[in-house]
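Only one chain is given next, in structure tokens, and it is the form predicted alone.
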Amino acid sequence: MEKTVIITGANSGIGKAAAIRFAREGYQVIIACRNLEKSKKAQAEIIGLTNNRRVDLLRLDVSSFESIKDFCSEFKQGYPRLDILIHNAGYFKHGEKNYQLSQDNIELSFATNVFGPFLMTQLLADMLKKSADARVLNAGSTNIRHFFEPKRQIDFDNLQGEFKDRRPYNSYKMYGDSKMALLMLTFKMAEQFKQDGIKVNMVQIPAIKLSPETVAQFKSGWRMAARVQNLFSAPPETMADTYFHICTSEEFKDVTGKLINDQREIMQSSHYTGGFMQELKQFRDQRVYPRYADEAGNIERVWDLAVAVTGSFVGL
């Protein structure tokens, strides 16, 4: 039976490499992207490389709740079920100094990286339930490791730019905060959908070679830094293979509510205690994540906020 996978942001980078991998394996691939003109070229390239004509393109702006609703409605009308949902698209603008808000008046990193994937998963849950082996994979980041710092926390009170005149905007911190929030939602959604057989996990993505299109979007100073980083980074195909393995292998068939690193190891909450040497080992250990993600109060706060901001779109 043909399986269907949705990959957001699949017109470049890891998303595109993942679309190629799934298409080569005979999957019905839905590439969900905001820029249709750019994405049509990627769609044609994926079809040409794989000889799989079951590669469809649907418009989706993950930062817009209305766009997500329209996408999910269109998908439900055109396809019988959903087997794999990969939230690959993300927002991170290097060097941005000003608060950027979405159409729904939410800070753009959180709108795109947190609340968009949350809403999309909720709206497609009924399609995932039709699959015999439904899997959801969220794209994470090593940036969350900054939460090993004891004083680091998510600024829940400033996700709509409430303090934009008093707190400087830090795109790097906001990105890390959003990925930490997504990890906590991953844990909570895994519990929510466990009885339905839907597995929800997150993969921690390290530095990966950026596409020329992505590098071109950076401001001049950051553009040079990105080019230097590319010299030492793995190609996107490596993470695409990891996406595929987590979403299709027997090894991860019954795994849910976990953070998985790029070596395909299930990560654990940090067991390290205080002290300089312990902290140093903690930062270097790629098998652990910050305990901040396990704190029940943090998880509930993220969950309640996600439900509140998606409001009329989610019946929770």
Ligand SMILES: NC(=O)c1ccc[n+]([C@@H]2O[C@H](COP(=O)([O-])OP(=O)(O)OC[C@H]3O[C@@H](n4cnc5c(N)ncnc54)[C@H](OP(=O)(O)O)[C@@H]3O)[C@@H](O)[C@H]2O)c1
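As the structure is a computational prediction, the values presented were derived from the model and not from experiment. Numbers for residues come from their place in the sequence shown, where the first is 1.
The form predicted together with the ligand exists for this protein as well; it is not shown, and the discussion that follows is about that form.
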(request) Decide whether I208 counts as a contact residue for the ligand in the predicted complex under a heavy atom distance cut-off of 4.5 Å. (result) yes
(message) I'd like to check something about F147: if you look in the predicted complex, is any of its heavy atoms closer than or equal to 4.5 Å to a heavy atom of the ligand?
(response) no
(request) May I ask you to state whether Q192 is within 4.5 Å of the ligand in the predicted complex, using heavy atom distances? (result) no
(request) Find out whether any non-hydrogen atom of G140 is located within 4.5 angstroms of the ligand in the predicted complex, and reply yes or no. (result) yes
(message) Exactly one residue in F71, F187, Y175, F244 has a non-hydrogen atom within 4.5 Å of the ligand in the predicted complex; which is it?
(response) Y175
(message) Heavy atoms within 4.5 Å of the ligand in the predicted complex: which stretch in 273-281, 287-295, 245-253, 35-43 meets that?
(response) 35-43
(message) For a quick check, can you give me the residues of 74-92 that have a heavy atom within 4.5 Å of the ligand in the predicted complex?
(response) N88, A89, G90
